[in-house]
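Below you will find one chain, with nothing else, as structure tokens; this is the form predicted alone, and questions on how it binds or moves follow later.
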Amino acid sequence: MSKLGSVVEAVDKYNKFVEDEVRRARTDKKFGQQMVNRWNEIKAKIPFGSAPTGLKLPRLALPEIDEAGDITRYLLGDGLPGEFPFLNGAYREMYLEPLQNPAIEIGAYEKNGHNGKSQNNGSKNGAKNSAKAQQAEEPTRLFSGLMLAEDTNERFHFLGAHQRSKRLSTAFDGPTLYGIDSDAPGILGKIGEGGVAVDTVEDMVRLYDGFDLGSPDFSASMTISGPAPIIMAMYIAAAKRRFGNDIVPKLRGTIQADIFKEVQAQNETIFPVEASLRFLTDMMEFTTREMPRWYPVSISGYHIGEAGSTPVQQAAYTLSNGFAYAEMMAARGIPVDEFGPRLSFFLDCGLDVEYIALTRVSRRIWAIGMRDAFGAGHKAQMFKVHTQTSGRSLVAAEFKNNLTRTAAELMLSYMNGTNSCHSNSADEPFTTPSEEWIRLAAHGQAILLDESGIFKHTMNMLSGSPGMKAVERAVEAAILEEFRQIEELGGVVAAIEHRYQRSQIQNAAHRYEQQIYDGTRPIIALNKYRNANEEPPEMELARTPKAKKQLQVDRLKQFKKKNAAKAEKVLEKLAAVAESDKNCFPTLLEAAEVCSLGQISACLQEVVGRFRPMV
């Protein structure tokens, strides 16, 4: 049995344990009274704040229950925010504004567990409200990628102008995603289209110019998987050029690097699966040891969802992929409490009913699996997740309705306690987002988090309704059933070889489209309430001018010419390391200084071969 089978057993066993403890609380008078006393103590320690209207509100909302069994089921089955099994949130306080009275310590409502300090999205400034009231890090993550590095850099500065914290996500163009240089034959027309062109460490320097990469208020996220270890090496090299060698342990952020979801849903990988996983775990091992603030893999359900999966499939494949990565790192002899806290996740949020509770349930399953199947401690049990509103839900017909779709998806994302979030732009069915629409998308989050009081006064404001609980139970059962199917095939890797995940995603995608065509899935203004007189909107498409494309090629050729002698030597060294069983990442760091992305990719492909896409 693989670890995934152990996870299924652990969740079933834990659910039985909870029900046994509920019965015990109802039959053992002493134990039941202990649970009631604990509950009363928690409630008594919850501090209160005030809404702008003067309304007094508790910092944590709890259900109005007083029966020992119900209390036990809540504390053990759901958990307080920041407490195992984390159904209600990874941290004690997520989006709350600071208390106005700095003398009140927040988060002291539960003495059983951790240190009674508030935690906000993992940032140290959320630890305590002491002499100075500090505001938690904004959960909004800003996503961009267009034309050349300096163009995306300009967009980053535009987007981050009013943000306290700079949380930047980068989209790369097609050639970069496939590890191909901009001067390769037939590539010119694709340079800077749909993302930013990055060929060298010099491009990476331009991309983040003007940002303090070592600041605790800065984090970078890079949406790339196939050549992710190479791009990661370039990012480190760029940071060292600007800030020196001491910057490396201060770097904060994540790189997607998720090979499993590529072969399950996207095919954007460049090496065979086994070699890809080797290069990935080499990078994970290095960053776990040298970069304590970096998440070396963002285990991505978003692209699984965008490829057509159901919400349950998205969560099940994402979680099972995460457990598979954990198993691979453990096989290298790395303690789970070293690599476990460095695993992060990335989920889609659409409008299907499952999204009411999908992330909540995922957090719970991850916590139980990591604790009971892997022996992980508190930090490694935490399912830290970035959410992006659904790109698949955006439609061209009366596209301004996409603002409403995204707003609803944002509400669901924050109801689920996402750690960070990106909101898509309404014009994305046509083009790379313009400044107008991307600003409106960012304002959607600001209105929800800053202007409204829905999430900034009280934790658990919208959690725990009877409907949400019903969805939680159904979603958890369906995810575990998917786990059992994967386990029967021999685990995640074996299921990939059988094309199980890919075929299930394809079937779900076909069913989704069929439902749109036959009307059983209503899409407003597309197949329901359609305006027959609608004229296609006039949209300015984002395109990279030919002169910019040529500039990228010229820069790359100059870089290669300048570093030709050094590149030849380090590529020979890289090939030798790749043929051995040594960790490749330190040599990748050397290569990133003097070699282009395409040179490094080609060198490694000569050794390990190329990925052959699954169809």
Partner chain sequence: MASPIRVLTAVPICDGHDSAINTINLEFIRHGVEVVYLGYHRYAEDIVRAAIQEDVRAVGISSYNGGHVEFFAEVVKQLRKRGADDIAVFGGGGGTITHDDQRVMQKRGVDKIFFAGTSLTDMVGFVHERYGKAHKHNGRNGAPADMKLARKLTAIEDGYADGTKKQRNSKAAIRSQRSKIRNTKVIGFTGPGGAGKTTLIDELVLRLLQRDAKSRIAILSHDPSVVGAGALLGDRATMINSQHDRVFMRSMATRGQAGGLSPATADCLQLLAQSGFDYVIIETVGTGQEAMPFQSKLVDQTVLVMNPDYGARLQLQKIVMLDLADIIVVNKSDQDRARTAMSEIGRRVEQNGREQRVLATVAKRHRDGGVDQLCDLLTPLVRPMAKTSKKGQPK
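Residue numbers count along the first chain shown, from 1. This structure is a prediction, so every number in the text was calculated from the model and none was measured.
One more form of this protein, predicted together with its partner chain, exists but is not displayed; see below.
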Handout entry: Among the candidates H457, R342, R278, K190, the residue which, in the model of the complex, approaches its partner chain to within 4.5 Å (heavy atoms)
Key = K190
Fill in the blank from the handout: With the partner omitted here, the residue among E572, D554, D66, E579 that in the model of the complex has a heavy atom within 4.5 Å of its partner chain is E579
Handout entry: Contact test in the model of the complex: P185 vs its partner chain, heavy atoms, 4.5 Å
Key = yes
Practice task
Examine A161 and determine whether its closest non-hydrogen atom to its partner chain in the model of the complex is within 4.5 angstroms.
Solution key: no
Practice task
Consider Y529 of the chain shown here, and say whether it contacts its partner chain in the model of the complex, taking contact as heavy atoms within 4.5 Å.
Solution key: no
Problem - Close approach of A307 to its partner chain in the model of the complex, 4.5 Å, heavy atom - result: yes
Exercise for the section: Determine which one of 449-457, 366-374, 240-248, 429-437 lies within 4.5 Å of its partner chain in the model of the complex, judging by heavy atom distances; exactly one does. Expected result: 429-437
Exercise for the section: Could you list which residues of 535-549 come within 4.5 Å of its partner chain in the model of the complex, counting heavy atoms only? Expected result: P536, L541, R543, K549
